[in-house]
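This document starts with one chain, in the form predicted on its own, laid out as structure tokens.
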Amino acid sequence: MKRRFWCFAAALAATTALTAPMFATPATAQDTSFYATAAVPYKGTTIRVLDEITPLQETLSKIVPEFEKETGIKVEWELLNHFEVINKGQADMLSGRGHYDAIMLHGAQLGPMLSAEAIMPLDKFVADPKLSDPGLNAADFIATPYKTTAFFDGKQYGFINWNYNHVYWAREDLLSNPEEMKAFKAKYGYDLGPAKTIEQMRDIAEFFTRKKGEKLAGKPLESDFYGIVLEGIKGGSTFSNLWVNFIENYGGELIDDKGMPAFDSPETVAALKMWRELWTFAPPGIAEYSLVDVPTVMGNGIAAQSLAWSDFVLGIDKPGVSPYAGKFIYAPIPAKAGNEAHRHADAEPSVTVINAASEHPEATFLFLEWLASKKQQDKLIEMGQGGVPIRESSWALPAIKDSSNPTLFAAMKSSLDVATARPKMEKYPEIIDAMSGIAQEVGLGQMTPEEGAKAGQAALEKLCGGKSCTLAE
């Protein structure tokens, strides 16, 4: 069966680019002193960089010419869709051809590429005072996603580039409607509001699931309305949503601390039961919804709440894109009631790595370091009027601090406070392919939660061959 990969890039079909006035501030002598000096031996070099096309990358691409002007290093900055980046990027790295000097990899791709020794470690460049920016301030990178993504086995393989993360997303106009609030409290015995626990999310999902003709916020519905929408397609990020946002919050796991399969547990079964129940309050097409479709459904106003990738929210919750723009509210990923102190939130922090076959690693390193610098990240956030920060200092920037949608960035920060990279697994794609099929079958009721837990355990044991599923460090 053709494997499906989750696709940030395809969101362009459903989201609108982060548009903002472009600006190109001439670099001052003080600003350019380090990179201009460091790049002197590489002036005239051309490097090729492959990244995926999303609103975030499109915004970043506007400042790439400034690097060329500052350093004299020419950058062929190629933006392709998610599938092309995976196919062309991995093929180039695994073949040893070295057409691309740097390639964007989602955290999930690191295991297979590290196993193939296709990524060049950065340590010798970081240790070289001629190449290492003394003002980079790596301590400013949002710590956990950076450390769990960019490092492996004591070596550094990249700077954090894209801190993709999940947030809780709900219709604020419904949650604050007096009639709905009164009815909800009468039925459930507590106040209606953004879900803080998975159990509350379930109650809200049940409460707002209504048929055509019933009233919603005092008005008769012209079509069915649903209490929740989740990603359900076989492939994509369906399983990572189930894995981290549900199973881990219930205290379960995919693998144990030694990388051995640990899916068949009471905690996993309990999480799968909740997963199945929530699907009964979702639109009938949930089994085919991808991470692209979920924000579209929320933007169309036919569901009360969701768990979604925050970068897609940025493209939907804006005037002119959704009629419900400004009527949404965001919150941290709900935790299992009683387990709030050990909460989890799904994320996919990603890096741009240097191809092990690159003929221009020093020039490429300078470019990647320059992109991660505070100056360029500040500019990226300002140009996008927001974004997904990789630096702690970005939260204090006016575009975020003074945003008209502060709950989104508060929720985003909450997710990134606990977000970790995927385990480095050589067979990650095969594992996710198998587990996402189980997630879908359980959601549809074609497999019981108990059967799903056993099937997942068996799939992991088969794929990992009785050994640890993770790369040895």
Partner chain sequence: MSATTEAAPAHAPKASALRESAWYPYILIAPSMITLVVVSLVPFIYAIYLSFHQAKFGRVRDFIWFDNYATLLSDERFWNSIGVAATFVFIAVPIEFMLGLVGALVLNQNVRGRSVLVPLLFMPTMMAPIVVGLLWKIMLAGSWGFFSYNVLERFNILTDTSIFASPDLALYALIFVDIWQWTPFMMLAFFAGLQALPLGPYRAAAVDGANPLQIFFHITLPMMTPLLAVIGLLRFIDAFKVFDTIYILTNGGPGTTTETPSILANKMTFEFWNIGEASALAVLVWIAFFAFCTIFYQVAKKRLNAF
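These figures come from a predicted structure and were not determined experimentally. Positions refer to the first chain, counted from 1.
Missing here is the form predicted together with its partner chain; even so, the following discussion is about that form.
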Q) Which single stretch, out of 37 to 45, 405 to 413, 57 to 65, 430 to 438, brings residue heavy atoms within 4.5 Å of its partner chain in the model of the complex? A) 430 to 438
Q | Contact assignment for its partner chain in the model of the complex, among D128, E277, E76, E117, heavy atom within 4.5 Å | A | E117
Q | Partner-contacting position among P284, G338, G326, P220 - heavy atom within 4.5 Å of its partner chain in the model of the complex | A | P284
Q: Report whether all of S132, D153 and K374 sit within 4.5 Å of its partner chain in the model of the complex, measuring from non-hydrogen atoms.
A: no
(Q) With the partner left out here, check for me: in the model of the complex, does some heavy atom of W309 sit within 4.5 Å of its partner chain? (A) no
Q. Counting only non-hydrogen atoms and a 4.5 angstroms cut-off, does Q446 reach its partner chain in the model of the complex?
A. yes
Q. Would M383 count as touching its partner chain in the model of the complex under a 4.5 Å heavy atom rule?
A. no
Q) Would E426 count as touching its partner chain in the model of the complex under a 4.5 Å heavy atom rule? A) yes
**Q.** Neighbours of its partner chain in the model of the complex among 75 to 102 [non-hydrogen atom within 4.5 angstroms]
**A.** N87, Q90, A91, L94
